[in-house]
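To begin, one chain is listed below as structure tokens, in the form predicted alone.
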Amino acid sequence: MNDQAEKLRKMASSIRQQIEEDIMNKPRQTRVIVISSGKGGVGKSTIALNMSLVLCTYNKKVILMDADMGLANIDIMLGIVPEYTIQHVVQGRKKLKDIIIEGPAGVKIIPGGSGINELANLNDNELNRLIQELGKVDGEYDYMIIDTGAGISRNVVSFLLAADDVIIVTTTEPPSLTDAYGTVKTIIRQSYTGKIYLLVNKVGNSTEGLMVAEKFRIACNRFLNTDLIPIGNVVNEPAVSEGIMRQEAFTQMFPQSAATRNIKSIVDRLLTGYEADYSSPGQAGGVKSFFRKLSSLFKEKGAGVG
């Protein structure tokens, strides 16, 4: 009996060791989160930047991509003038590593601009070259945060449909909420299967933000049959506008501000899962997978014309 028990222990130990080795050897994939909004002026880029910086302060490796082809402004918000953008990579003139900018707190930035629009018009060889370049960061970073343009152009919708997670930013104003709902409706009708988070920005107080988010969640559940996740709100306070004016991130300038605490709370919820049904953050598809999906969507929809 003792010999048999010893054999079982050795077998269990061997199986456990094999599982641990498989986990250790499995290549890590970067989680791709796309941040968007139904309309401009809601503070989407400010949210994307400050969330990225807070993730970095949590010892996460983050790369932030500016995918707003019309109003790329992540670099402007930080007072940075990029020498190269994604357009140079698209054209084969530069490698991805040549255009990445070092931002505050260790965040890495891929400057976007009009080069994003060109993604839709590449031939197969050019697309494959670009995907290979972008794929080089897969696993090197924990998160790729992508700041898209506002609205529901075919270009923006393609980015949303390809993402692991989507964060929709809105304010409490009816036009903003209507456009945010339209964005959610569009991607749900096109069979998006990832998580959709709602972030209410520029609120007067947390109670207002919670009420608006809950009404929005109920509407999405009732009319779109989707379990949208309210992830938090950010108060409208002078610290935010002061950061924009000084071309610095408010989370770094005013680490004790209410808005900074809001951003940290949002990041905490994103990392740990906000509701019981979403206790796991899910499996990351990876950067290569994201851009393969994106290029496929561009071809299917003829996207890229704004």
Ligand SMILES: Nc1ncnc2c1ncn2[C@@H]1O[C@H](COP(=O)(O)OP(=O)(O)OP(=O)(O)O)[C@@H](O)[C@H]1O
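Note that the structure is a prediction, hence the values are computed from the model and not measured. One rule holds for the numbers: they count along the sequence shown, beginning at 1.
Beyond the structure shown, there is the form predicted together with this ligand, which is absent from this document and is the topic of what follows.
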Exercise. Quick one: is residue 201 in contact with this ligand in the predicted bound form, heavy atoms, 4.5 Å cut-off?
Worked result: yes
Exercise. Should residue 270 be classed as touching this ligand in the predicted bound form when contacts are defined as heavy atoms within 4.5 Å?
Worked result: no
For this session: Give a yes/no on whether residue 73 approaches this ligand to within 4.5 Å in the predicted bound form, heavy atoms considered.
Result: yes
Exercise. Any chance residue 241 has a heavy atom within 4.5 Å of this ligand in the predicted bound form?
Worked result: yes
For this session: Could you check which residue among 42, 32, 63, 51 gets a heavy atom within 4.5 Å of this ligand in the predicted bound form?
Result: 42
Exercise. From the list 96, 161, 235, 228, which entry has a heavy atom within 4.5 Å of this ligand in the predicted bound form?
Worked result: 235
Problem set entry | Stretch in contact in the predicted bound form with this ligand, which is absent here, among 73-81, 188-196, 138-146, 97-105 (heavy atoms within 4.5 Å) | 73-81
